[in-house]
Ligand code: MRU
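First comes one chain, alone, set out as C-alpha cells in the form predicted on its own.
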Amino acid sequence: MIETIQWTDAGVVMIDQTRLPREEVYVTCIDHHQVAEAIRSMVIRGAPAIGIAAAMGIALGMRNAKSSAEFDSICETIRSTRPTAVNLSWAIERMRRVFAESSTLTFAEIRERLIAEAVQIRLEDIAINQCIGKNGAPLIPDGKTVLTHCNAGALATAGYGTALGVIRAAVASGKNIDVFAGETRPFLQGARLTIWELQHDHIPATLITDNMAGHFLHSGRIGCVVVGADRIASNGDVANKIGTYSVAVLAKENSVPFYVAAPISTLDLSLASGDEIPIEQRAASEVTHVHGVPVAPEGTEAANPAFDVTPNRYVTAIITERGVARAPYTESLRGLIN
C-alpha cells in the first residue's frame, strides 16, 4: 500500500506529491509550520489526507511546545492553509475536543493524547476508505470503462482511496474494468498521480485531456464516472477539483451515472447548498506555467479557482463508509449521520 503520510519519532513523514511521477521522495516535517507549508504548497493534498496532516501537524506542534498555551496558535496556523476541504477543519475540531477533554492531565499527558489521536485518525481513514470501496464496488458496471477526475486515491488519503478505492474494490471483486483519467489541469493530478497509482496497482488506465471527456462519454464506452469530494453540502451539492462540474454535466447529457465517493467527514451539513462553500483561488502561475515552463505570453492574466461545485441534480449517488446516499440528499445524508 502507498504510504501517503506517517507519524514517526523524527516528525511527520509524507510523500512529496509535487515531485511525482518523476521522483518518489519523502519529506519529514519537524514542526507544525512545515506541515502547514506542506498542505499549502500541495506537497500533501486530497481532502482526507489534508485532515490527517492537520491532526498530525497539531500533535507535532504540541510535542515541540513549551506549554498548553500554544495550542490555539498552532491550530490557527494549520487552519489558515486551505479553505475548501472541510476535512481540515473537521480534524482540527476533533483535536480541539481531545485537548478540552484532557484539561485535568499534565502537559506531557496531553501531548501523548494528541499524538495518539492523530495516529488513530490515520488508521481510521484507511478502514473508512475500504468500506467506501466495498459499498461502491457493486455500482461499477462490469466490462466498461470508468472515468475519474483529479486524484482521489491512496495519495489523497491515508491509503486505498475514495474514488480509486471504489475502483480498486471493483477490480478485487473480479470485475473487468479499465479507467480513463482526466489530466486535471492546471496541477495535473490525474496525469501525475492517478495514472501513477493505477500503474502501481496494475489496473489498466488511459490518460485523456480534460476536454476529451465529452467525446468519450458520448461514445458509449464509459459505464460510469467516479470522483472524490472536498466538501459536500447538506443538499448534496459537491465541491471537488475544478473541472468536475463540467464532467458531471456531460455525464448527465449522455445518461452516464455520476458517483461521488467520500467519507462522512467530508459532509458539511451546516451548509444549505454549495453556494456557501468557499472556493480556494490559487496562483495564476499554475495556469501560465507547467513545471516552471511558461506556456502563455509574459504578462498574461489568468484565473485559477482550485475547485468548482457540482449541483446535486447531476449526482447519481454519494458513496460513504456508512452506505450510499441518493436524492433527496437533505434526507439521505442526514440519515447517514444520525
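Start at 1 with the first residue shown and count on from there. Everything quoted here is computed from the prediction, not taken from an experiment.
Omitted from view is the form predicted in complex with the ligand, to which the following refers.
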247, 118, 166, 156 - the one with a heavy atom within 4.5 Å of the ligand in the predicted bound form: 156
Proximity of residue 228 to the ligand in the predicted bound form, heavy atoms at 4.5 Å: yes
Contact flag, residue 47 vs the ligand in the predicted bound form, heavy atom cut 4.5 Å: yes
Contact test in the predicted bound form: residue 65 vs the ligand, heavy atoms, 4.5 Å: no
The ligand contact at residue 111 in the predicted bound form, heavy atom, 4.5 Å: no
One stretch from 235-243, 96-104, 73-81, 172-180 that, in the predicted bound form, holds residues within 4.5 Å of the ligand by heavy atom: 235-243
Partner contacts for 166-205, taking the ligand in the predicted bound form and a 4.5 Å heavy atom cut-off: 189
